[in-house]
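As a starting point, one isolated chain is supplied in structure tokens, in the form predicted on its own.
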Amino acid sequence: MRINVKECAQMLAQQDDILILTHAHPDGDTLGCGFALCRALMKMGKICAVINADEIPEKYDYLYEDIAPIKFRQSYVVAVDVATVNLLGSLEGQYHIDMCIDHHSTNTEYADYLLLDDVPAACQIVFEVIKALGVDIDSKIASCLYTGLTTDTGCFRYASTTAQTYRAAAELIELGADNGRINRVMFETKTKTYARLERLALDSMRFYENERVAIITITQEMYQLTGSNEQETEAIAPLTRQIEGVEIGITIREKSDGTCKASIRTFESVNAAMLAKEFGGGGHSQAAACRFECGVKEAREKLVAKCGEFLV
């Protein structure tokens, strides 16, 4: 059932022992949503926690470093920035999801209640929910929300960024969001292991469909050679869109079990969400993802064939 911001806030205010689910291979938006909402609910005196199927990258530790882990029996489960249940990774099927707060047009409406708005970042919606809850937004909450805004808009560079997004970011900075530090950590700081992985990733780039499609392949062997891991691949996907003439950029990441996941980046000429949907995935018009129960080579062949259908 679809709900609005006011209804969402009213429902959350009536609940306690709330567990917040974030999507696997976490990014700044899902984590920013989760910990901002968790902090707000804790301010209301509620028991609350955020969980993820994967290890959270160290660069996000400022979102939760002062939150003590607690164990409790959840009575209400909320998913944030999760378009489909399979994006929960190993958490899929473990919980009945009462509510979802999301911004993906491809959301499958798996939760009992869905707050959905087509905005650049889910944190933009959570910001409105927290205000509707009447919670005093401190610098910690503001920094969580700002993290989602800046990461899902590519530091406000993507065409999806709206005037409302800029206004929300300005308001969060006024509320104490540490925008300088966050932008530096998210966009300007690279580990040595990531730098080595990026070099191998760029070397793997191949072009198809008259060089209108660029595909990067990241294998388990690359992780072993560089000392890196999947947590550090978030910044690689946008690299494919930076090549002149490329309309579809794809990064295929090999999983430890031999399957893989593809991150798709496009410009306005191709709808990334519709392309990902062809393989059971989804996302946004210019940024989407899908999974493959096969190896990298087979996944690449399938993607190239389908890209040809999307390019006119």
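Everything numeric in this text was worked out from a predicted model, so none of it was measured. Residue positions are given as counts along the sequence shown, with the first one as 1. Rigid core (definition): largest C-alpha set, two forms, superposition within 1.5 Å.
Only in words, not in the display: the form predicted in complex with another copy of the chain, which the text now covers.
Among residues of the shown chain, R199 is one whose heavy atoms approach another copy of the chain to within 4.5 Å in the model of the complex. Another copy of the chain is not drawn, but in the model of the complex it has no heavy atom within 4.5 Å of G93. In the model of the complex, at least one heavy atom of F156 sits within 4.5 Å of a heavy atom of another copy of the chain. In the model of the complex, another copy of the chain lies farther than 4.5 Å from every heavy atom of Q224. Not one of Q14, K46 and I56 comes within 4.5 Å of another copy of the chain in the model of the complex, counting any heavy atom. Of the candidates D138, D117, E109, E171, E171 is the one whose heavy atoms come within 4.5 Å of another copy of the chain in the model of the complex; the others do not. Note on the partner interface in the model of the complex: the residue among I67, M42, I243, M274 having a heavy atom within 4.5 angstroms of another copy of the chain is I243. With the partner omitted here, the stretch from 97-105, 76-84, 123-131, 203-211 that lies within 4.5 Å of another copy of the chain by heavy atoms in the model of the complex is 203-211.
Scanning 186-201 for heavy atoms within 4.5 Å of another copy of the chain in the model of the complex gives F187, E188, T189, K190, T191, K192, A195, R196, E198, R199 in sequence order. Taking 2 Å as the criterion, E128 does not count as shifted between the shown form and the other one: its C-alpha moves by less than this amount when the rigid core is aligned. Positional change of T84 between the shown form and the other one stays under 2 Å at the C-alpha, relative to the superposed core.
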